[in-house]
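The chain below stands alone and is given as structure tokens, in the form predicted on its own.
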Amino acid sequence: MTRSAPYQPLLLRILHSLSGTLAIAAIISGFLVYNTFDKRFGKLPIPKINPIQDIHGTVGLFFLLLLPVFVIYSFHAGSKRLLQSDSIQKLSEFNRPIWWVTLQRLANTLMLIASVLAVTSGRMMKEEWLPLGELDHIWYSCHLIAWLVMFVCLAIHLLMSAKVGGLTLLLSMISGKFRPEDNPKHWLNHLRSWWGNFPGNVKGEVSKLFENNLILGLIEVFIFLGIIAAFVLPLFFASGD
């Protein structure tokens, strides 16, 4: 019997595709930056791309600009795909379907945290550090750690998606079909309605998140503080240690 394909909201598919593409591009270009200037932990025989730092920085900036929208969606409409209040307990049910789902939720949550660390540390780095061989700056070390965590979490995310949902889940994320209520022509009206009740909507969503999952609510606050820091810190402090 063929497993029926699950339906993914159109907005989720768009945000997931954009953020996923930018995250993968940032991971690949970040490795190329390391492979060009660092090489302390090994390297690959890849031809040097002279503007690779600029390319990586541009990808990182676009990722930062999209990140607030994706974070809001993830922690509210997509909160079931993140850390749950019983996730630690579910990890004891090894090799059962819920264990694989829980592992993916943990990886998704950790990837959001690592993303904020990556964009914040990247914004605080100086472009001349790596060409000059200055590899001991704390912001660069944080950037390397964030890159590694994002790489591992992305791998877990993809593997667990294939494990739990199979090909049907993966195909549902790139499908172009959508339900009538998901039609983009309704988005402006939905946004106007939501914005008209902005204070109540925000208060209700935040209260619901904190009541149902305190840890996830605290993580959301931490991530948004990190996003704000990524925009604000470079304006007040010279990049550096």
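Every value quoted in this text rests on a predicted model; they were computed, and no experiment measured them. Start at 1 with the first residue shown and count on from there.
Heads up, the form predicted together with a small molecule isn't pictured, but that's what we're talking about next.
Interface residue remark: residue 221 is not counted as part of the site for the small molecule in the predicted complex, having no heavy atom within 4.5 Å. In the predicted complex, at least one heavy atom of residue 53 sits within 4.5 Å of a heavy atom of the small molecule. The closest heavy atom approach of residue 135 to the small molecule in the predicted complex falls outside 4.5 Å.
At the 4.5 Å threshold, heavy atoms of residue 156 stay clear of the small molecule in the predicted complex, well away from it. Contact with the small molecule in the predicted complex, judged by any heavy atom within 4.5 Å, is made by just one of 152, 169, 98, 88: 169. Put simply, of 225, 24, 14, 233 only one has a heavy atom within 4.5 Å of the small molecule in the predicted complex, and it is 24.
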